[in-house]
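Only one chain comes next, encoded as C-alpha cells, the form predicted alone.
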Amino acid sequence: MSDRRHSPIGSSVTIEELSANPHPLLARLREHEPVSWIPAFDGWMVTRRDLCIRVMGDAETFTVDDPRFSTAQVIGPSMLSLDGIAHQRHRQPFVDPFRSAEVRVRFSDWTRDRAGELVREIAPLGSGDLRAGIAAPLSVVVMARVLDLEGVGVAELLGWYEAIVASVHDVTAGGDVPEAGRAAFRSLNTAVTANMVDSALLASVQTGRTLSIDEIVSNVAVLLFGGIVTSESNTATVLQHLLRYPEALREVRADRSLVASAVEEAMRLEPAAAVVDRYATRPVELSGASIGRGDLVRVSLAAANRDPALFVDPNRFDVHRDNAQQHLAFARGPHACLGIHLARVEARAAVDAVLDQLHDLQPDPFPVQETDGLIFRAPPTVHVRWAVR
C-alpha cells in the first residue's frame, strides 16, 4: 500500500503540463504510477484503462455527489452530479430521445444539411478557421434543435454556453461562480420555461412528472453544456488530425466509409473531456494506492485512450484501427454520455461536408495552435486554405 507521499512522478506534475501536451507525462504515470497523488490539484489521478473503467463503474465507492463538484455549483443538482436513485430519476426521462435510432431518424439528415450550409457559406473565402466557421456553429444549432430552443439566437445561446463553461473552469480552479455564469443560467432558465409547452423533448420529459421545472432546467443546461463542448471539440479535433496527416486525408477522401473511423480515432487520441472527477465515499485501495474517504479521484480518459494494453502503437492516428471505438471518450458506467450518438452524427456530417465542398485542403500558414486544456481539450483554431472553384 502506498500513501500520498509515494508518488514521485505525480508529486512534480504541474497544471501546465497537464494542460499543454500531457501525453508523455500520462504515459509515464500509466506505466509507473497508475494511481498517483497529484499535489497540483490535491487529488489522485487514475491513468490505466482498466482502473479507469473500474472507478467509473463503481458509483457507490467513487461518486460525483460531492459539494466540490464544480458543475453543480453553477447549474444546481442534475444527472451529472447525482448518483444512485436520484441520478436515475434525473437521467431516465432523457434517455429515449438520445437513443441511436431516435437520433438517426430525427437528426441525421437535418444535421447533414446544416453542415452543408455552413461549409457553403465559407467556401468562397478560400481560407478560414474550421472550428469557428463549422464546428462551433454546427454544435450550437444542433443543440438548439434538440432542445427546441431555435427561437433563441445562435449568438445568444453560444454566449450562455461560453459563460457557463467559463464558470465551471473558474470553480474548478478554486474560485466562486462569477455573476456572468449566474446570469447565463437565469437566461437559459427563462428560455426553457417559455418553451416547455411547445418542446417535444421537454414534453416527453414532463410525461412522467418525476422532475420539477428547476430540475428539468438544470438537466437541460447539462445537455446544452455537454452537447456543445463535446461536439465542437470532436469536430475540430478530427478535422485537425486529417489536416495534420495528409495520407489519412487522401484515404478518407477516397473512401468515405473511413470517415466514421477517422472520427473515432481522433476522439480516442484527444477526447473532448480529458478527465472526469469522482470522490471516494470510503477508504479504498486501488492498485496499491491508499485512497482516503472524501479524496478527489480524477479519471484520465486521455491516458486510458492511449493505453498500449489495448491499442497498438497508441500515439499514432490510424484510420484503419479496428478497435478505435473501444475508447473511453464518452466515459463509462452510469454517467456515460447521453449524447454519444448525436456527437458522432455531427462530426461525421461536418467532415463529409468539408470533403464534399472544400478542395485541395492545406493547413493555413498561421502559427500552429496545438490542442490544450486541463478538463476540456480541443485545438483553439483549425486554420485551413482551400482552392476556390
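Keep in mind the model is a prediction, meaning the values are calculated, not measured. Quick note: we count residues from 1 along the sequence shown, nothing fancier.
Keep in mind the form predicted together with a small molecule is missing from the figure; the text below concerns it.
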Heavy atom within 4.5 Å of the small molecule in the model of the complex, from candidates 157, 79, 217, 72, belongs to 79
Residue within 4.5 Å of the small molecule in the model of the complex by heavy atom, from 351, 329, 29, 52, is 329
inquiry  = Can you confirm whether 87, 91 and 272, the three residues that make up this candidate site, all sit within 4.5 Å of the small molecule in the model of the complex, judged by heavy atoms?
reply    = yes
Hey, in the model of the complex, does residue 205 get a heavy atom within 4.5 angstroms of the small molecule? no
I'd like to know if residue 339 sits close to the small molecule in the model of the complex, meaning any non-hydrogen atom pair within 4.5 angstroms. yes
query = According to a 4.5 angstroms non-hydrogen atom cut-off, is residue 230 in contact with the small molecule in the model of the complex?
reply = yes
May I ask you to state whether residue 48 is within 4.5 Å of the small molecule in the model of the complex, using heavy atom distances?
no
TL;DR on 316-324, 329-337, 354-362, 33-41: the one with heavy atoms within 4.5 Å of the small molecule in the model of the complex is 329-337
